[in-house]
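In structure tokens, the next block holds one chain alone, the form predicted on its own.
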Amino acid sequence: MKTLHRILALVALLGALVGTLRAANKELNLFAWSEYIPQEVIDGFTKETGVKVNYETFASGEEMLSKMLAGGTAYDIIQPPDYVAEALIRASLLAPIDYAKLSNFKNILPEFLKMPHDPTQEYTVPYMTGTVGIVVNTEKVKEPIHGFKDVFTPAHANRIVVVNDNREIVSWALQTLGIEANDLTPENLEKAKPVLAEWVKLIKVYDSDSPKTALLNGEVDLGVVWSGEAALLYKENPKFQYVLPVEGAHQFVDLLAIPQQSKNRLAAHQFIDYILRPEVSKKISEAFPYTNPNGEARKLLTDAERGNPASYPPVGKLGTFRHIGKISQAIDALMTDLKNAR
């Protein structure tokens, strides 16, 4: 009799474990940029698969990296920028992608594969790419704007919005000095310091979430912003022209990846493959008009969407960010000191 009771208890325990596993398989923990995945895309995935998506957001690549390195929450899928993915790969925190589960991976254009952050294309899938460039309100600014040196002049004091990203801003100053954006040494930060000290006196708004807002409401006339924001401005009014800085522009690649801690890798692969469907990826481009690496999705866009000069700018001098390690702390300290001293 005791044996029977033990068997029944074991069966009950196994049933509970299976129930818990099934419940877990019906939820997907997503860690991504804010306002970057349309709600209709998430709803469509849930409707099709029955998997609920728990969407937690971060505001900067550094915030994501810090949280991932600290452990804690077991995310099933994350959306790191390229240089953060590089750091996570080095730390062995990403699981290999099972490409046999991604029937739509073939839609990614070859120029976005095997990039420096993931040279073996083992751990990441491109989501959306773009550039950081200059937006000019041509009704207000009549002189030619070619690069950062043209933006950050006393003539434009208090009429400039920039993304609130310390590494971005420091990289612009370095490039005006002829220093490569990833050459972030203490010596080069010292060289950039006097340039940055003058720039912070000229900037009116720091905004990474919606830098287009200050341009739309006429608060500023110039901006150094994400290309997707610039594309929305151009769509609103073509007076907002987009310029790739002559000194060089940052090309970023935002990715999808699966952490080693993921408890639902099957659903994570399902979500990635769903995102890669041309008709789904098209919806993402419509809401957030960055440069879509999905070639089949691009074919579904209108001529006007493909012709938006911010979404698909002419080829310029582009470079991606690389993982820089602890020097990022020095960058943050430098910019904080300069802003406080303004």
Partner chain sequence: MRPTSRSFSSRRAGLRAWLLLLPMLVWLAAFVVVPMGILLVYSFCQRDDLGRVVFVFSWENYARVFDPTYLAIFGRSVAYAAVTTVICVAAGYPVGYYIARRSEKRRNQLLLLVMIPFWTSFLVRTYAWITILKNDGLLNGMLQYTKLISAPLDIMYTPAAVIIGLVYAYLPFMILPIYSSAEKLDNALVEAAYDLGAGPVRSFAEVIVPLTWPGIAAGMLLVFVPAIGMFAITDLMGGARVPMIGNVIQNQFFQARNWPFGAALGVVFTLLFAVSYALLQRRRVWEEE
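Being a predicted model, the structure only gives us computed values, none of them experimental. Numbering follows the first chain given and starts at 1.
Although not depicted, the form predicted together with its partner chain is the subject of the following passage.
Taking the partner from the other structure, its partner chain in the model of the complex has a heavy atom within 4.5 Å of a heavy atom of Glu62. In the model of the complex, its partner chain sits within 4.5 Å of a heavy atom belonging to Lys204. In the model of the complex, its partner chain sits within 4.5 Å of a heavy atom of Leu69. Although the partner is absent here, Gly218 sits close enough that one of its heavy atoms falls within 4.5 Å of its partner chain in the model of the complex. Figure note: of the listed segments 296-304, 41-49, 275-283, 54-62, the one touching its partner chain in the model of the complex, with heavy atoms no more than 4.5 Å away, is 54-62. Out of the listed residues Ala87, Val132, Ala192, Ala181, Ala87 is the one that sits within 4.5 Å of its partner chain in the model of the complex by at least one heavy atom. Along 321-342, these residues reach a heavy atom to within 4.5 Å of its partner chain in the model of the complex: His323, Ile324, Gly325, Lys326, Ser328, Gln329, Asp332, Ala333, Thr336, Asp337, Lys339, Asn340, Arg342.
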